[in-house]
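Quick setup: one chain, the form predicted on its own, written in structure tokens, and binding and motion questions come after.
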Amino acid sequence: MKSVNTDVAYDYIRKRILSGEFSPGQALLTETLAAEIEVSRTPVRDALRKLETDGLVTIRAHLGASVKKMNLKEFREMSDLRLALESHAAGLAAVNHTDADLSAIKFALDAMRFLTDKIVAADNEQPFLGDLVREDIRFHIAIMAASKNELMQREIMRLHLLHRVVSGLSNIDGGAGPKVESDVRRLAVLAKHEDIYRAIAGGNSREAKNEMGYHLQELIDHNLHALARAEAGVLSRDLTAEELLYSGHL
């Protein structure tokens, strides 16, 4: 039976992986973690095995555990699966949504629109970026819920968290460009969310699936390009806010 201490260790390690405190490839030493959490090594080992099942940790014989790190091929394969599942979920949402589901999606979209307008008008966008990312996540989660496919929803969330760890927290991109260019991109992201919502609200399954596919493919293509540059040894910097949308990192 799983102990309370295992749950404590699992939550402790998971939160630090998702926050970026434990970065991709970082070793997760059982003895050190046990001392930090103030538990024995057994629940820490159990927690690490559970996190390996979640896809957030890699455990290798004689080397121990480390935070999941992906090469370009692995990231591409994960992205392909996420694109297929989440696009299909949007198509299901167009058919299966309730009025409450549609209200939840629109609530998040309205908040994104409000925050995007604030950011475009502001000289300093930093105070609004975290809220914008959270509403973007809320938008996508509401669509997953509207699909009424719990198995698919769980797998999408697993991929979302994995994407957040291996991509959203990496310093793998090129120049950010001036704010005016960032604002144009941010408005384009908002417009694509508007398109997704209209398709779902209109009950158009094919259009909803296509619009979600376009949106995710753009983000995936950018991240794949950034990863390829990083693997080639190109100097990097932090990803921009637009590139981190739906990564949950801000």
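Just so it is clear, the structure is predicted and the values come from calculations on it, not from any experiment. Numbers for residues come from their place in the sequence shown, where the first is 1.
What follows is about the form predicted together with another copy of the chain, which we do not show.
- Judged against another copy of the chain in the model of the complex with a 4.5 angstroms heavy atom cut-off, the residues 97, 137 and 194 are out of contact without exception.
- Heavy atoms of residue 209 reach within 4.5 Å of another copy of the chain in the model of the complex, making it an interface residue.
- Using a 4.5 angstroms limit between non-hydrogen atoms, residue 30 touches another copy of the chain in the model of the complex.
- Interface membership of residue 151, defined by any non-hydrogen atom within 4.5 Å of another copy of the chain in the model of the complex, is confirmed.
- Under a 4.5 angstroms non-hydrogen atom cutoff, another copy of the chain in the model of the complex has residue 48 among its neighbouring residues.
- Contact with another copy of the chain in the model of the complex, defined as any heavy atom within 4.5 Å, is confined among 182-190, 51-59, 31-39, 196-204 to 51-59.
- Think of it this way: in the model of the complex, another copy of the chain has a heavy atom of just one of 133, 92, 145, 104 within 4.5 Å, and the residue is 92.
- Contact with another copy of the chain in the model of the complex, defined as a heavy atom within 4.5 Å, holds for exactly one of 141, 122, 85, 111, namely 85.
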